[in-house]
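Before any questions on how it binds or moves, here is one chain, the form predicted alone, in structure tokens.
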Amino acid sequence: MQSDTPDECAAFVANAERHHAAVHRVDPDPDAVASAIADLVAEPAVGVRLPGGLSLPDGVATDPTPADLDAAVTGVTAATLAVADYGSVVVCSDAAGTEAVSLFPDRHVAVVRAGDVVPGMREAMGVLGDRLRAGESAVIATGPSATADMGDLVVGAHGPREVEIVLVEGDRE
């Protein structure tokens, strides 16, 4: 059950920001989306092709090698879903390396359509269940990577230090 109700999008934005992610709501115009992404990219940057006629800005390398991932400051991916109650984005694994691009660079720019915001984890699992039961994996990311396993909170311990979310308003593809 996917929805793009204003309440769910507002809840998603509030919860994502509560977990130290920045959300940028943009018009569905592909040029507006590319411009918003370009404003968030620090180079060197890697990314994976975006769905639905959206494009990556110049300077974002696709098909990254392990060395490219290691050197990248920014990784740009699409998010399959966003979960309003948690402020999380869901990044599914694929042959293009979406999962790795979301995890290795210090800054992750996740692009998600407002129509792919679901109310809660139950609805997310309803959408993802078949894929996960078939053996695929996904990262459910809520803000920057952080741990307090050794005492003080450490940001960026196992993933990006910064999470920027481009929330594309308008109809679902």
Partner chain sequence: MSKPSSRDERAARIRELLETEGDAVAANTRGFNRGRYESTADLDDYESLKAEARSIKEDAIERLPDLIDDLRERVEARGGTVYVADDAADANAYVREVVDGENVVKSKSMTTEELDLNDALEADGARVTETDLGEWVIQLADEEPSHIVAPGIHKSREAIADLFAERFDLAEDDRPETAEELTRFAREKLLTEIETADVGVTGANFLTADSGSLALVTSEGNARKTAVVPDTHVAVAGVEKVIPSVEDLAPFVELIGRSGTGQDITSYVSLFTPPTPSPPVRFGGPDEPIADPGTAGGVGAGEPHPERDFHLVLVDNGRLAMREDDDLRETLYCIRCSACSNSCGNFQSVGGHAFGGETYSGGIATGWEAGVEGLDTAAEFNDLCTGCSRCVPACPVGIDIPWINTVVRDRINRGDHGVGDERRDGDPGDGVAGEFDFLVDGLTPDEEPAGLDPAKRLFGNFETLARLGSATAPLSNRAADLGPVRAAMDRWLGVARERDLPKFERETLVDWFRDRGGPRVSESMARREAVVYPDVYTNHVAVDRGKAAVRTLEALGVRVTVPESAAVGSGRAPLSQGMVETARRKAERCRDALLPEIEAGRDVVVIEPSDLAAFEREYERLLPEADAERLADGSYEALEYVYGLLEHGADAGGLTAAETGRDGDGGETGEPVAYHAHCQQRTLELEAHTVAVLERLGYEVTTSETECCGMAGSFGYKSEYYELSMDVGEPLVEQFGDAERVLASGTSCCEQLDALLGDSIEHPIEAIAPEP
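Positions refer to the first chain, counted from 1. What you see is a predicted model, and the numbers here were worked out from it, not measured in a lab.
The following text describes the form predicted in complex with its partner chain, which does not appear among the structures shown.
- In the predicted complex, at least one heavy atom of T147 sits within 4.5 Å of a heavy atom of its partner chain.
- Contact annotation for G53: none of its heavy atoms lies within 4.5 Å of its partner chain in the predicted complex.
- Its partner chain is not shown here, and in the predicted complex it never comes within 4.5 Å of any heavy atom of A61.
- In the predicted complex, A110 stays away from its partner chain, with no heavy atom inside 4.5 Å.
- With the partner left out here, its partner chain still marks one of 22-30, 53-61, 35-43, 118-126 in the predicted complex; by a 4.5 Å heavy atom cut-off that stretch is 118-126.
- For the stretch 87-124, the set of residues having any non-hydrogen atom within 4.5 angstroms of its partner chain in the predicted complex comprises S88, C92, S93, D94, A95, A96, G97, E99, A100, S102, L103, F104, D106, M121, R122, in sequence order.
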